[in-house]
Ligand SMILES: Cc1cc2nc3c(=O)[nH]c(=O)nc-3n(C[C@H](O)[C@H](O)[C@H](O)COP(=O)(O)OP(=O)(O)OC[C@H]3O[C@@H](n4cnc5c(N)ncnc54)[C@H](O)[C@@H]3O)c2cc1C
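In structure tokens, the next block holds one chain alone, the form predicted alone.
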């Protein structure tokens, strides 16, 4: 006799593992099918907002590596200034450890996880979903797509071709490879955001326990230019920051980098040529949904990146992933209780609590990147504006709050 699970989840990333945990603690029989073996590498800057931490049903402090209070801002490594907030802006994690930690939490709650088993296809047969992997066939009452931007569930059921995607590139620089000893220490509670090098995007440095995550991101249409700028940034950022001596007492100096003489900087390159040969640069896509993007249907729903829930301004995805799994958990419990598998409640809650904010993130993105130099100078010269931005980073305020306060209309 075939076993029928209550729920099968495709993907054991944060959204899938959290949902597996939430359902299993309610005695709902749940199986996660994950294509890779954990622990595994995941391309991600690894920033978690304060508001995201509040939604976890368990403590994740053991995998938090850094608390970030300050930001070094720059424009193509020029005009660098520093701003600090009174509370942590974000927390950084190593996604290898976070994802493995969350998968183990799901298993400890009674959720089964089959690693190295990828969902290849599925079909709905009356009161159950038939799920195919390479070697096995499974059955469940509900199928969840938590398998990221390349989700098989999303690709099969999405009838709209409209999906905005942001591309990100990233590499990791071990602390031992940094050009001078104090460099890593000065990023202990700080990150860096560089603007101007990527159209409608930015470059970042996020500190972890033993390395720096360095990457950039922007529109998919600018893929080649985005990677090209990251390579330039990687070859120049240590020399540039050294030259400005910005780390004295955590404050910037009044000196500016002579970027008109970039050859002078180039002579001091630490990484020189062949950077890609030393450190692998990896790419990842961040999906941002539109009005007609698939979300859920009879016995099927998607969460996290598989639902296109990336932030349209920052590209951040963990908050919406965790929130969507919390909403999905409640909806699935009700669906099983009342044998109603249309998930209309999930659709409405995601639209109201997540997608409305994503739409407004796109509005803010269009406003900011229409005059990035203007807003850069505003943030530099206004502590009040920086503090408002800090509250958005932490999650104390949302894009909805900003748009409503400014009475902005859809652009």
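Positions refer to the first chain, counted from 1. Because the structure is predicted, anything quoted here is derived from the model rather than measured.
Separately, the form predicted in complex with the named molecule exists; it is not shown, and the next lines address it.
Undergrad: Hey, of 346-354, 37-45, 56-64, 372-380, which bit sits against the named molecule in the model of the complex at 4.5 Å between non-hydrogen atoms?
TA: Stretch with heavy atoms near the partner: 37-45.
Undergrad: I'd like to know if residue 316 sits close to the named molecule in the model of the complex, meaning any non-hydrogen atom pair within 4.5 angstroms.
TA: Looking in the model of the complex, residue contacts with the named molecule include residue 316, since a heavy atom lies within 4.5 Å.
Undergrad: Consider residue 23 of the chain shown here, and say whether it contacts the named molecule in the model of the complex, taking contact as heavy atoms within 4.5 Å.
TA: No, residue 23 sits far enough from the named molecule in the model of the complex that none of its heavy atoms falls within 4.5 Å.
Undergrad: Is residue 321 part of the interface with the named molecule in the model of the complex - any heavy atom within 4.5 Å?
TA: Looking in the model of the complex, residue contacts with the named molecule include residue 321, since a heavy atom lies within 4.5 Å.
Undergrad: Please tell me whether any heavy atom belonging to residue 95 falls inside 4.5 Å of a heavy atom of the named molecule, as the geometry stands in the model of the complex.
TA: Looking in the model of the complex, residue contacts with the named molecule include residue 95, since a heavy atom lies within 4.5 Å.
Undergrad: Which residue, 240, 119, 300, 230, has a heavy atom that falls within 4.5 Å of the named molecule in the model of the complex?
TA: If I apply the 4.5 Å criterion carefully, the residue I get is 119.
Undergrad: With the named molecule left out of view, which of 168, 88, 329, 312 would have a heavy atom within 4.5 Å of it in the model of the complex?
TA: It is 168.
Undergrad: In the model of the complex, which residues of 191-211 put a heavy atom within 4.5 Å of the named molecule?
TA: The stretch touches the partner through 204, 206.
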